[in-house]
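Single chain ahead, written as structure tokens, the form predicted on its own.
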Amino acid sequence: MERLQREIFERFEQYGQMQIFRFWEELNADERLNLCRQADQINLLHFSEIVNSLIDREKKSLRSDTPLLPAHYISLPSDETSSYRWEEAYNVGEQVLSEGRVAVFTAAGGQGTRLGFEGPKGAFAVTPVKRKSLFQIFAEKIRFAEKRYGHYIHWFIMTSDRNHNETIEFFGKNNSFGLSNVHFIRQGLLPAVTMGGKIMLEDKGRIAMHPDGHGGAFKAFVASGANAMLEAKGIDTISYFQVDNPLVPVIDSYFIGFHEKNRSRMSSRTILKAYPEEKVGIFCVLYGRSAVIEYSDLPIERAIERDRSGTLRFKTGNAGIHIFDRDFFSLLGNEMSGRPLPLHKAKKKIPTIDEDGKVIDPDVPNGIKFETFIFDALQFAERSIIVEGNRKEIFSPLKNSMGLDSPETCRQDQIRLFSKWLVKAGSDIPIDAKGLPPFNIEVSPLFADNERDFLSKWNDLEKRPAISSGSYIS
């Protein structure tokens, strides 16, 4: 302990961060050890360089004359040629899946606080009839794929410090929803700093640490041993998504096929923006490289810019759905790779203590939190592709308690999708101009999790059930 303490003290003194040890003499042995362990996790060289650069200049949006170009993407099929291209990708994806080369990764570190729900967001009930949780929806989609392809699929769930134990308990109570290869990975942490760049204390013996964003998936993946395990099993493709989207295609043969055919290191799904000011990042080409620009950084004149046909010029929204080559995923998780993701800062109200050790619960922002974004990996991918998805089929984010992107809109989007499948299958279910029937219905992912499989299974039924209020197709 004395040697560890001396090394840490020397390091933090070198970077002018000794303030975190100002109450050292008041701490007992266990508190000192915990503080040293926290401090030892911080890569001060990388952290200090980036923090200083962010502190020295306020974050600025792109200029209206920044050389920004629309991203190239593979569009949805619209004619015989493009339909053939998509069918070819589907067959390639089916082959990859039949070889058992795909694992699933879900970023699930968030809480349901904004939804008025105490617990992990993934435990929030969102389906229209059975009130299944997000986690159960994803689990059943994986089970459907396991049965279809005859292989167990490894599912990695990245939690945060605040919901790690709760998430594990939730899966335990539900017997992992019938899955046998669920792995929980704890998200990394970054220290909060004052407006002047000094690392803050939460109390006398604890640094104010916060989750490092979904970009922390790379480091967590390597640190947990997940990469080594998948490498040993010959699994080289990772299907990644974030926990707040019940429509997400967890296992998508088309997307996997395009990824494989193009030998892509990182592939992304895009949904076309519904309106210019929609709060989604956009795919673009910035200084010759693929990138995602957050909506808050895009000048309004760029957001509303249209081409000669009247179509939005920057229209490719980020759906938060990606496929990664496993080697590329692990490369970004290696601190020695020379490919650190950029830190993004946000001014926040951070509980802390003053010089006398008194607890402060601020009313206004008093510090800065940092996080990394997974889409920033695009700048390091020598080969990447963007594939369009139909937003009505793959994208219904759950972010707010009411209004847009709420539990109500998520349930409606699910019902609308299920109704579309049924109508296409020949059902006489009544729907209105918005594509909704006058009652709730639900299709279990264990029956089918996409239109193609639904039509196939529905047509194979000897006796098709009548559809009415509360119908559940399983």
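In case it trips you up, residue 1 is the first one in the sequence shown, and so on. Note that this is a predicted model, so its numbers are computed, not measured.
The protein also exists as the form predicted together with a small molecule; that form is not presented, and the subsequent description refers to it.
*Asks:* Taking the shortest heavy atom distance, is Q111 within 4.5 Å of the small molecule in the predicted complex?
*Replies:* Result yes; Q111 sits at the interface with the small molecule in the predicted complex.
*Asks:* Does any heavy atom of H214 come within 4.5 Å of a heavy atom of the small molecule in the predicted complex?
*Replies:* H214 belongs to the contact set for the small molecule.
*Asks:* How about S264 - does it come within 4.5 Å of the small molecule in the predicted complex, if we only consider non-hydrogen atoms?
*Replies:* Taking the distances in the predicted complex, the answer for S264 is no, it never comes within 4.5 Å of the small molecule.
*Asks:* Any of the heavy atoms of V243 lying within 4.5 Å of the small molecule in the predicted complex?
*Replies:* V243: contacts the small molecule in the predicted complex.
*Asks:* Counting any non-hydrogen atom inside 4.5 Å, which residue from I199, I238, A107, I256 sits next to the small molecule in the predicted complex?
*Replies:* Of the candidates I199, I238, A107, I256, A107 is the one lying within 4.5 Å of the small molecule in the predicted complex.
*Asks:* Heavy atom within 4.5 Å of the small molecule in the predicted complex: which of A377, V102, M158, I142?
*Replies:* It is M158.
*Asks:* Do all of K121, Q187 and K399 end up near the small molecule in the predicted complex, with near meaning a heavy atom within 4.5 Å?
*Replies:* Every listed residue reaches the small molecule in the predicted complex, so yes.
*Asks:* Determine which one of 112-120, 355-363, 221-229, 307-315 lies within 4.5 Å of the small molecule in the predicted complex, judging by heavy atom distances; exactly one does.
*Replies:* Stretch 112-120 is the one.
*Asks:* Mind checking the CA-CA distance of P365 and T113 in the predicted complex? It differs by 3 Å or more from this form, so is it closer or farther?
*Replies:* Closer in the predicted complex, by 3 Å or more.
*Asks:* Closer or farther: the CA pair R131/G112 in the predicted complex, versus this form, with a change of 3 Å or more?
*Replies:* Their C-alpha distance grows by at least 3 Å in the predicted complex.
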